[in-house]
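For reference, the chain that follows is the form predicted on its own, supplied as C-alpha cells.
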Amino acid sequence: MNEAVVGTRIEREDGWGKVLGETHFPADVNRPGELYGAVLRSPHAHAHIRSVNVRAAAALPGVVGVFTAENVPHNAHGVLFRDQQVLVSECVRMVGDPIAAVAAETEKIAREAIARVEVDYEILPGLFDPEEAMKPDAPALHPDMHGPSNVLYHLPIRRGDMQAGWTKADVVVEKEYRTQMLDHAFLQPEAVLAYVDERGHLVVKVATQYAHYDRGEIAHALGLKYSQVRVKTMAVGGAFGGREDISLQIIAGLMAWTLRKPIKMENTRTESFLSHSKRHPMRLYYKTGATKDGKLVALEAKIIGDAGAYSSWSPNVVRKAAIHATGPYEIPNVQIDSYAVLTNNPYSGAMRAFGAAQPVLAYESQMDLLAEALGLSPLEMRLRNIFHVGSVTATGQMLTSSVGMAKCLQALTPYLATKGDAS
C-alpha cells in the first residue's frame, strides 16, 4: 500500500482541463478544409434492400461524395465475428443500420443530402422475442455467418447431482425474472475526425475504449495495412462499454481516404441511441432448493440473453452471466444453461459488469423468497451460504484467498440490529 496516496487528496491529471473547458473531445477538434459527414439509417428492423438511388443526393450543391456498400473494399466488422456491415448491402437487421453516407461542405447540406437518398425496401417479418427466435422453425437472421439457428452461443454448467439435490430440498422456489434493455446514455454522442496526414497515413481521432481494435477494423474494411492507420483516443466523455464497438470510425475513414479530405462526423442523440450497443435484456428462469436449516442444495437456471441483430460481445456477456448465476453462495448441485440469441432488436454488447449485473436480480430475489419460506432473516439466509476461503464455485474454482463477504455481512449485523431490521 502506498501511504503517500491512500487517504490523501490527489489532483486528477485531467481535472483542470475539464473544469476550465480546455479538454478536447472529438467534437471539439477540427482541421482546415474539413467536410462534414452524415449517415442514412434504416427505419426498418428487418428488410431486404432492393435498390439504393443516390443520384438526387449527389446532385445537391455542396455534396462532395456519396457512399454505399459498393464503395467499401471489405464490408464487414465486429469484435468477435465480423457480422456487421459498414454500409448495409442487402439485408437490414435492425432499426438504425447504416445504408449510405454523404460528405458535404456543411453539416446542413450533408443531412439534407441523406434525406434525398432513395432506398427501395422489401419489409420482412421481424423477430423481437428471443424465445421465439430460438425455435427450430424461426427464420435464421445470419444464415451465412452463424448458420441455421439464431442461438449464437450456449454455455452449459453442470455440478453435482441434481436429483440428489432436489431430494434434499425441503423448500423449493421457482420463478422467472426479466431485465430490460439499457442504453449507456453517455454525455458525449459519438464523434470522429478522420484525415490523411502528410505521410499518407489515415488518422482517426475518436473517443474509444478499444483503440487497437478500431485500428484493425478500419484497416481491414478499407484494405489498408495496420501501419497505414493511426487511431488517436481523445477525451472519452463517458463510455461504460458503449464505445467498444465500431460507430463512425470506418465510415469517416472511408470518406477521408477516398476523397483525401478531412471528414468530421457527430451523431445526434437519436442517432446514438439507434446505432450503438445496449445492455443485454435477459430472461432468467430460476429454481432454487434449500433444506429446513437454510442450506442451499440445488439450483437450476436458464438464462436467455437477447443479443439483438449482431453478435458484438454477446458470447462473452452471457458466459459471464452463467458463471455468476449462483451468486456468492455455496451450492453443491447446479445446472445452468445460458444462451445468446439473435433477434431484430438493437444489438447488445458491453456494459458495466458485463453480464454479471442481470443475474443478481434473480439469485438475490430467490434468497429473499427462501428466507421468507423458512422463517429466517434474509441476512441469516445469506450468512449460512456465503462463500468462504475454501468454497468451490459452480465452475469448480476453489477460492483460496480474499473472500471477505461473510466478514462484511457479519460487520453489518450490529448496525442492522439497532435499526430493528435484519433484512
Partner chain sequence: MKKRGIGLGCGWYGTGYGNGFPDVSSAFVEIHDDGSATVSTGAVDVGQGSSTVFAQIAAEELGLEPQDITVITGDTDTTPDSGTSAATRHTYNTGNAVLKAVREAKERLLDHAAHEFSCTSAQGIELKEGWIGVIGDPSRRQPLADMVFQARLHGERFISAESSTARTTPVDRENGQGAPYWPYAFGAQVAEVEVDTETGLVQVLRIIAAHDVGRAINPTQVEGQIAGAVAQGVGYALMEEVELHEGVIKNPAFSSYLIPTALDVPNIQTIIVEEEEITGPYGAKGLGEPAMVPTLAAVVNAIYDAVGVRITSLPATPEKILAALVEKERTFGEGGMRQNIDS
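Keep in mind that this is a model prediction, so the values were computed, not measured. Numbering follows the first chain given and starts at 1.
Unshown form predicted in complex with the partner chain; subsequent notes refer to it.
* To do: Examine E244 and determine whether its closest non-hydrogen atom to the partner chain in the predicted bound form is within 4.5 angstroms.
  => Yes - in the predicted bound form, heavy atoms of E244 and the partner chain come within 4.5 Å of each other.
* Indicate whether N333 is a 4.5 Å heavy atom neighbour of the partner chain in the predicted bound form. => Result no; N333 lies far from the partner chain in the predicted bound form.
* According to a 4.5 angstroms non-hydrogen atom cut-off, is T393 in contact with the partner chain in the predicted bound form? -> Output for T393 is yes: heavy atoms within 4.5 Å of the partner chain.
* Using the partner position in the predicted bound form, report whether T270 sits within 4.5 Å of the partner chain, counting heavy atoms only. => Result yes; T270 sits at the interface with the partner chain in the predicted bound form.
* Name the residue from K232, K302, K261, H74 that puts a heavy atom within 4.5 Å of the partner chain in the predicted bound form. => None of the others qualify; the residue that does is K232.
* **Heavy atom within 4.5 Å of the partner chain in the predicted bound form - residue from V95, I109, A219, V119** => In short, V95.
* Which of 47 to 55, 30 to 38, 62 to 70, 361 to 369 lines the interface with the partner chain in the predicted bound form (heavy atom within 4.5 Å) -> It is 361 to 369 that comes within 4.5 Å of the partner.
* Who in 287 to 311 is close to the partner chain in the predicted bound form, meaning a heavy atom within 4.5 Å? -> Residues within 4.5 Å: none in this stretch.
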